[in-house]
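This document opens with one chain alone, in structure tokens, the form predicted alone.
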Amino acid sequence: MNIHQKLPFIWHGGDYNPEQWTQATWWEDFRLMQQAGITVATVGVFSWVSLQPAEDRFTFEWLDEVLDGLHTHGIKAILATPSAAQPAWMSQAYPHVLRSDEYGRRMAHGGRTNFCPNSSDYRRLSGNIARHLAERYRNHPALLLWHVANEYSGHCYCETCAQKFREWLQIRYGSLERLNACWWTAFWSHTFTDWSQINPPFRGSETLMHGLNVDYFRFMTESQLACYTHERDILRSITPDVPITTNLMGTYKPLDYRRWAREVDVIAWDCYPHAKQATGEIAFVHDTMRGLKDGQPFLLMEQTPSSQNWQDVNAIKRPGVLRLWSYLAVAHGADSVLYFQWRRGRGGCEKLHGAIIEHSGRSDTRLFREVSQLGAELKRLGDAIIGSAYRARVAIVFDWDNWHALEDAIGPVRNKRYLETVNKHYLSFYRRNVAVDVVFPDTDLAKYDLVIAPMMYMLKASLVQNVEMFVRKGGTFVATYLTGYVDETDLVFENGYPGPLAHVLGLWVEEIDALYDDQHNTMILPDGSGTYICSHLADVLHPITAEVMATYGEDYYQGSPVATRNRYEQGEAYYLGSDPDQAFLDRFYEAILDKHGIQPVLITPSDVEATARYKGEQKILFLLNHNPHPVTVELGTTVQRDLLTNQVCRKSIILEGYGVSILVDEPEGD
């Protein structure tokens, strides 16, 4: 579904909560939105009680006026269903709608996403409000996109969920005997003799059965996804031509977003890094969101225009950083720049969260000027970027199931650092301006030359098959320590580590050593060309067909292999048996990139990012200066035009501190 059919340019806007304000404020807001170049407003996200003050009464008149006002001022609406925060009348009338905590205790009313995702009353009532919204606004000219609920999150442990979980398990495993075998319940005499004995992993109860834990995560992902699809299907039946999504939260551990990606028309996510967060970490999550639907562009649904209010320190974005980080998202696949929020509320826990319009209500502020400048630029860009795609020959595998299983494992260290390690490998390419796709165990790997799967502790059959085929046909694969320990039910492979990838990697792992934070070992290259630090974990491994690339420099396993390479049919597979320093990774990956002829988008000075999207054969080059000071970037011999300024650039360009340029080739003679 083409989400940009009604609005074929990069959307600019964000969350608007008119129910918190008077009608007079609405019309002032519409005027200021026009002034700031706002083209889209997200409305209705937390409006349930304002739209339905009682089960048998609806009050849509105020929303009629808001949508009419937006349309009159040329602004489209992302219309949300309000189901993220149920009204008090619902919790009072139907107490089993309320969520239960990890001890199985029913919560009191309050907060948000405080509903049981398996409550039949919640499903019925959330579907009912969605139906009323769709029927009322199906033909409204402002309606652009449906936004179902908001930031689905957390787990429920009530008896309803427990019973649904048992039913889910019966479908998944077929028999209690198979479940007991897959969960290894003979350990500690925990074998189940009746389905009714199985409960969610309550605190103070069964939390050390890892097969149970990872299955409950999967079950909760599907339960909350079912809440989304229930509303989605109602909306789609009434408004089949209006795309539908919900907002995700990046690398949010409790929900497997790869499963959600199949059910939304477009990925939308909320980006809230802290002020000192490395831009490579932000870019990694953008790339992950783009990868969820196999490279399709996503919507930046929320970002703060200035500061947040919920982190330990909530520094404001320095002048230019809002613009820079907005284009960082666009460079990595975003087709929108949206904010939370338009106007700061006067009460509640987000009253000190950043907004375009602060409590003063003024528009003569630095922030309003920056938002307006960005709005004007996005308008000038028109459809130049819409429909463009990302091209990468390098992929990094990420998997939520693996993340849960790995972090759940007791040993060899408490903090496994999965997300940190994946990002560390990603940074070797990001800092070199080499494009990377984040992929998943079921992704087709055929278009890549290099695939990296850090710490793939849980090896799914789909990934094993994909890797075998990929390497067999000439690809280069990189695995690390803690690869191939368990299958999809969290049972250790009978042939040890790295499990079913042993023949591709050409080795077996005897044991793994855990290093304290103040310990390290070294990795010595056999030709004497370098010694590097390694830490965290250290495999004692044995090559079978693999050749040794580096050996340990210390401890009783000094001289034994730490890095290997194995030729497998037309391709090769590398194994890193410890966590090397960034210098080793940079050198290691540079050699592989050279072998495959993979070049950076552009060679740039330090902390200047060059990223490209492609529209047909036209390359759209984003230059992002993450430095606070000006930097000169050499462009080579191609004449290029800056889409933001319309200036022609030859040989080099000067980027101001936190500056951005978006360049396309300029035909000779123009």
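Note that the structure is predicted; figures quoted are calculated from it, not measured. Start at 1 with the first residue shown and count on from there.
One more form of this protein, predicted in complex with a further copy of the same chain, exists but is not displayed; see below.
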Worksheet item: Is there a heavy atom of residue 42 lying 4.5 Å or less from a heavy atom of a further copy of the same chain in the predicted complex?
Response: no
Worksheet item: residue 656 near a further copy of the same chain in the predicted complex, any heavy atom under 4.5 Å?
Response: no
Discussion item. Just checking whether residue 579 would be counted as a contact of a further copy of the same chain in the predicted complex - the rule being heavy atoms within 4.5 angstroms.
Written reply: no
Discussion item. Test of understanding: in the predicted complex, would residue 622 fall inside 4.5 Å of a further copy of the same chain by heavy atoms?
Written reply: no
Discussion item. Looking at 418 to 426, 523 to 531, 179 to 187, 444 to 452, which stretch has residues with any non-hydrogen atom within 4.5 Å of a further copy of the same chain in the predicted complex?
Written reply: 179 to 187
Discussion item. Going by heavy atom distances of 4.5 angstroms or less, which of 240, 597, 204, 174 would be at the interface with a further copy of the same chain in the predicted complex?
Written reply: 204
Worksheet item: Looking at 233, 159, 555, 590, which has any heavy atom no more than 4.5 Å from a further copy of the same chain in the predicted complex?
Response: 555
Discussion item. With the partner left out here, which residues of 88 to 121 have a non-hydrogen atom within 4.5 Å of a further copy of the same chain in the predicted complex?
Written reply: 88, 89, 92, 103, 105, 107, 108, 109, 110, 111, 112
